[in-house]
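The form predicted alone is given below as one chain in structure tokens.
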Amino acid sequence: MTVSELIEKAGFKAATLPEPDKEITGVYIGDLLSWVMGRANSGDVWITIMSNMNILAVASLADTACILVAEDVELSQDLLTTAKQKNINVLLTELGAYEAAVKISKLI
């Protein structure tokens, strides 16, 4: 499944979508950035409630398919602009991390 297919099927909102055809291979939930860097796999949808610029560096290092920001957390325009420049897909949902992961796991 690609990120664009996930958006369509799960109803998540795309905040930035520079790589819509990136393949999704799993899901990782975490907010401790150093932990995510060492444990998220390439192709994961990374679910977090973090909203600072450091999530972009972690997503890039871990090569996640996208960042899914849960619980209606708002992101700054600077973060979104930088995400586009760095080709990082960022999605948004009002769901909690667990509910979002369950929804994704039923689709992939």
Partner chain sequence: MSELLKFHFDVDGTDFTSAGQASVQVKKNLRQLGIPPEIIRRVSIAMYEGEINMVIHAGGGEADVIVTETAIEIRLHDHGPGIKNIDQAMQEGFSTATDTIRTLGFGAGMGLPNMKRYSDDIEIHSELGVGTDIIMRVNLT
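Residue numbers count along the first chain shown, from 1. Predicted, not measured: the structure shown is a model, and the values here were computed from it.
As for the form predicted in complex with its partner chain, it is not shown, yet the points below apply to it.
* To do: Go through 40, 70, 83, 67 and name the one with a heavy atom inside 4.5 Å of its partner chain in the model of the complex.
  => None of the others qualify; the residue that does is 40.
* May I ask you to state whether residue 34 is within 4.5 Å of its partner chain in the model of the complex, using heavy atom distances? => Yes, contact at 4.5 Å.
* Does residue 76 reach its partner chain in the model of the complex if we count a contact as any heavy atom within 4.5 Å? -> Output for residue 76 is no: heavy atoms all beyond 4.5 Å of its partner chain.
* To do: Answer yes if any heavy atom of residue 50 is within 4.5 Å of a heavy atom of its partner chain in the model of the complex; otherwise answer no.
  => Result yes; residue 50 sits at the interface with its partner chain in the model of the complex.
* **Contact flag, residue 29 vs its partner chain in the model of the complex, heavy atom cut 4.5 Å** => Heavy-atom contact with its partner chain at 4.5 Å: absent for residue 29.
* Could you run down 48 to 87 and flag each residue that has a heavy atom within 4.5 Å of its partner chain in the model of the complex? => 50, 52, 53, 54, 57, 58, 60, 61, 62, 63, 86 sit within 4.5 Å of the partner.
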